[in-house]
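Below, in structure tokens: the form predicted alone, a single chain.
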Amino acid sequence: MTALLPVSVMLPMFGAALALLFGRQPQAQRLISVGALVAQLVVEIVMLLQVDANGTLVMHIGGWGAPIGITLVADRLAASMLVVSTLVTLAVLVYAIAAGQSDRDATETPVSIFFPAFLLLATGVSNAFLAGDLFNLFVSFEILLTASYVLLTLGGTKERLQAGGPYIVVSLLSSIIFLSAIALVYTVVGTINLADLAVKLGGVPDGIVLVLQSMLLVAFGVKAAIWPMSSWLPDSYPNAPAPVTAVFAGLLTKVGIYAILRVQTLLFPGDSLQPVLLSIAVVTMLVGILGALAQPGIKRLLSFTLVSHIGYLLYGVGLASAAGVSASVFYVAHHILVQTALFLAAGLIERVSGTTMLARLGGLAAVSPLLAVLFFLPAMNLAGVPPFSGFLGKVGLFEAGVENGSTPAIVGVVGGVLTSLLTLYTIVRVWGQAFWREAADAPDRVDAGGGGRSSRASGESGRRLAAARSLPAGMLGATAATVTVGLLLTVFAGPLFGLASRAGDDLMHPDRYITAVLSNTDVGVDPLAGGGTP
């Protein structure tokens, strides 16, 4: 079963290479890309079932045991994240293929580049979740950075190149910080294997540990778009093609949160920075949602809600308890699905109306009731309306906060409730203006020709109706599938929260991870002996 670990990484990597070879044959690229992700998803579902039943899977690449070689590790957290991320990636790929076929691949998006870059992105995500050492995690981030920059600037339009500039600068800055942290870690401790590092950090002075912890948090915080390192996200994501924005919103920031969750629970299991993390989490929630309130366009508005809800995830990590971490794990899966579904729906809105600016939208519920449903369900889920999974995840986080009882934790509960109410208000505003307002009442509606007000409205409605009827089935199906899986989190909340609780329990007992990785190695390390800096 350990062979499943590298297979999960190699399938999209080989798919990307094959897609590049068949660059002049779009149909072959589509089949290769879908086939690679379907096979990857099957492998990861089997892996999750195996890990949940029998414990952590570990593979030392090339037979070099930890801490010398490259180690891939799949515990319940990593396996769960792999399944959810690949599911979302596959849905977005189907959406992109349907959009491309509908446009006869004649848009500004060059498909010969899109598929290899998209699969390379999937490779980076899988490798990040399985990485058992800091350098492999760094390599994963660089793969993600390369692929995401290509996807972000597809077509080479002025707007996308301008949006890609800050993104690449900020990402490179975080990579430099991360690489510096790795160098410092190796200088101080002599290893970058996570399990070995967790053992040996016990012999390092507290001041140095705090410096290492802070550098890693800053590097991962930029990736996760945590305040005050989140300003790049709303300026970058909205300008990308709809499928690219959707997959970015669903996955890239979650890789950063995953890295924070992993290092905080494994390397720094104490709560020395708990008040700081909780405070930053609350500010991230509030700054994000206040930014969303001020946005005139749906894409930027959703980008700010993405930042805001990263605060919930960090809040669970900051609580440093089994309940808080478990709720955070559940909320990560929920948020990946919901945020991706909303951006896919935003892409459909743009396709029908030619814009996502609220001042120009109206009457979409009458034009496309299905689109209205596909936006409404994940929107209510994001806001945390009962009984959706967003509500269940937030209740889990708030219960953990009340159980903690500290002032920052209680402030976090209050901030989380306020953020949830503001999210609901924001979503209702979008819903009312874009879907229920008469198109003729939109102050800056698109003038579709004609002389008077009624004729303009009539011409615009007719154009939108025609666009709604021509929405590709693949785009609607992929969006509906993502929305449905998000709803299944509510239907099967009991067993899924049970899985998240077991994952959280593993994280709160790092000795399990350490033992799984360091047992049967070539270096004869007693995994639980502690101390021993070289």
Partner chain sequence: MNVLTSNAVVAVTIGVLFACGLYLMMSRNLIRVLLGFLLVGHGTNLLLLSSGRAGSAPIVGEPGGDSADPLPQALILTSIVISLAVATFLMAMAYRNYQLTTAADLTEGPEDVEALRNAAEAD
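Everything quoted here is computed from the prediction, not taken from an experiment. Numbering follows the first chain given and starts at 1.
Here the subject shifts to the form predicted in complex with its partner chain, a form of this protein not shown in this document.
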query	finding
Its partner chain contact in the predicted bound form: Gln274, any heavy atom under 4.5 Å	no
4.5 angstroms heavy atom contact with its partner chain in the predicted bound form for Arg76	no
Exercise: Thr407 in contact with its partner chain in the predicted bound form, heavy atom 4.5 Å	no
Proximity of Val169 to its partner chain in the predicted bound form, heavy atoms at 4.5 Å	yes
In the predicted bound form, the one of Val317, Ala98, Ala379, Met357 near its partner chain [non-hydrogen atom within 4.5 angstroms]	Met357
The single option of Val417, Val385, Ala440, Leu179 touching its partner chain in the predicted bound form, heavy atom within 4.5 Å	Leu179
Segment that reaches its partner chain in the predicted bound form - one of 135 to 143, 362 to 370, 253 to 261, 224 to 232, heavy atoms within 4.5 Å	135 to 143
Non-hydrogen atom within 4.5 Å of its partner chain in the predicted bound form for each of Gly164, Val188 and Lys299	yes
Residues in 406 to 429 with any heavy atom within 4.5 Å of its partner chain in the predicted bound form	none
